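The data below hold one chain only, encoded as structure tokens and taken in the form predicted on its own.
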């Protein structure tokens, strides 16, 4: 049975806090992190490899897309990609910078997508504000919308203790940025029904102001994708 869930279901406090944080900082964030520049070749290579795994023309969601830089990059690699984000201010920038792409407001807890409708899903540092106890629900939702044979890419900062950002660029907001261990995320993904494909860890890049190692996992839904 195919189902669709509303984008504006009742949301917990941490979701509302995350939306308010990014609504406040959207323009400053987008200007600071404008694109996947030449200073980030390893990130671009990872995303390009993911695009090749998923396949040209395949339907993909960039969940937590922010100002749309990853969405735009994936579109340039031939994917039929759209962006989803909590923040309308971020989405306004994404639409402005990527006028040919689709961007929608929504929550990763309840994506407005039918079951098994995607060949790929990217969560590029977008689960880092989610309390650990809520991550299983997020990964279950990712699993719901991915078809058999579909791929998931999750990126996050490594570590055990969260880092609280207070008044970024002078805005009166604050938010916890949660760090995770790859083995913990891999276990949660497997519990949600994914099979791990790749685990990548790189050292922090001082040029990008990264204080901790960065990790990413690619996982696959068991089964074979049906030809469209």
Ligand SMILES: C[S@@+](CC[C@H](N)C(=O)[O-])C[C@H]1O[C@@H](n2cnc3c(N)ncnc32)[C@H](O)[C@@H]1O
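What you see is a predicted model, and the numbers here were worked out from it, not measured in a lab. Residue numbers count along the first chain shown, from 1.
This next part talks about the form predicted together with the ligand, which is not shown.
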Look up in the predicted bound form whether residue 216 has a non-hydrogen atom within 4.5 angstroms of the ligand, and give yes or no. no
Given that the partner is absent here, does residue 106 sit within 4.5 Å of the ligand in the predicted bound form, heavy atoms only? yes
Although the ligand is absent from this view, report whether residue 95 comes within 4.5 Å of it in the predicted bound form, heavy atoms only. no
Residue-level contact is defined here as any heavy atom of the residue lying within 4.5 Å of the ligand in the predicted bound form; does residue 79 satisfy this criterion? no
Within 4.5 Å of the ligand in the predicted bound form by heavy atoms, the stretch out of 112-120, 146-154, 95-103, 126-134 is 126-134
Going by heavy atoms, what in 78-92 lies within 4.5 angstroms of the ligand in the predicted bound form? 85, 86, 87, 90
